Ligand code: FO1
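We begin with a single chain expressed as structure tokens, specifically the form predicted on its own.
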Amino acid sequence: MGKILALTGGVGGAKLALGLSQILDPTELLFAVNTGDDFEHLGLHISPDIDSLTYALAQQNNTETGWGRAGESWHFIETLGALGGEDWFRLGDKDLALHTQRTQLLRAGSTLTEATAAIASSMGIQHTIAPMSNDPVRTIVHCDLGDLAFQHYFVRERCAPSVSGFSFSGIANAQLNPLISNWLADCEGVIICPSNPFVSVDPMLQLKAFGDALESLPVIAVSPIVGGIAIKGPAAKMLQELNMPATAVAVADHYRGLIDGFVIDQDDAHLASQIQVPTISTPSVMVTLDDRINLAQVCVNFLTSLRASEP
């Protein structure tokens, strides 16, 4: 198969992204990354989903916390808290250096894409990490505490509030990253990684021209819900609060009209008949690097088979 676009956000998406990067070279694979989670904190531009992907591709992700960078220390944030500063967003010392470098690049006139590329290159990453847009888009969570910026909901409030919906400030004026637009011109298929459909994938799909461009391509998605549970993050809780079943079927229904195939975990194989597009079941809980590579290969093979079956 030719060029593939992978949509990713969060830790679950980054796991599959690493697997894909092991079997597809940089001329065959581009990552489109959610930036709706981005925010400014302590004067720094923080891009959590870009960073999760960056650390994963560099194989420097923190396996102890499940987020952040390996080998972290916490002197800065602990000292800040002792001084009475905002310490609810846990910035590790190594992570802080990355945020500082990104912020300096942006203030010097670099786009988010250029800053991301510079950091990725310095960490030995060869695949292109494309922020969904160079324009600011910010995810707003509508919940029983009112309207919260995503990181306030996700980190400060620990996902405790009950959600009723989401909106994306700035989405109407945000332009799709030209790197993604150019890639789509001769792309042969799209993989939506097992990321939260509401807050990691929807911001990308709502960008002008992006959803329309995907209509002409075979698209598959990997369910982030396994056995009624989100492997990482609040996706299952969100589904329930939005009056949807916390199942892979509900995720497939959310993507209805967009996807041409769906990947579910082997433990959910009995649900395949309830999904309206071709569906395959396979081990999808990624613990080891081999798990990531195996799932990536299954996804590429599935996408290839869908492409081959097109009239």
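In this text, all values refer to a predicted model and were calculated from it rather than measured experimentally. For every residue, the number given is its place in the sequence shown, counted from 1.
We do not show the form predicted together with the ligand, though everything after this point is about it.
- In the predicted complex, at least one heavy atom of residue 89 sits within 4.5 Å of the ligand.
- Among heavy atoms of residue 151, some come within 4.5 Å of the ligand in the predicted complex.
- Contact check for residue 123: no non-hydrogen atom falls within 4.5 Å of the ligand in the predicted complex.
- Interface membership of residue 51, defined by any non-hydrogen atom within 4.5 Å of the ligand in the predicted complex, is confirmed.
- For the options 118, 155, 205, 229, the one in contact with the ligand in the predicted complex, meaning a heavy atom within 4.5 Å, is 155.
- Heavy atoms of no residue among 197, 253 and 265 are located within 4.5 Å of the ligand in the predicted complex.
- The chain is drawn here without the ligand; in the predicted complex, the stretch among 205-213, 93-101, 185-193, 220-228 whose residues come within 4.5 Å of it by any heavy atom is 93-101.
- Scanning 67-83 for heavy atoms within 4.5 Å of the ligand in the predicted complex gives just one residue, 67.
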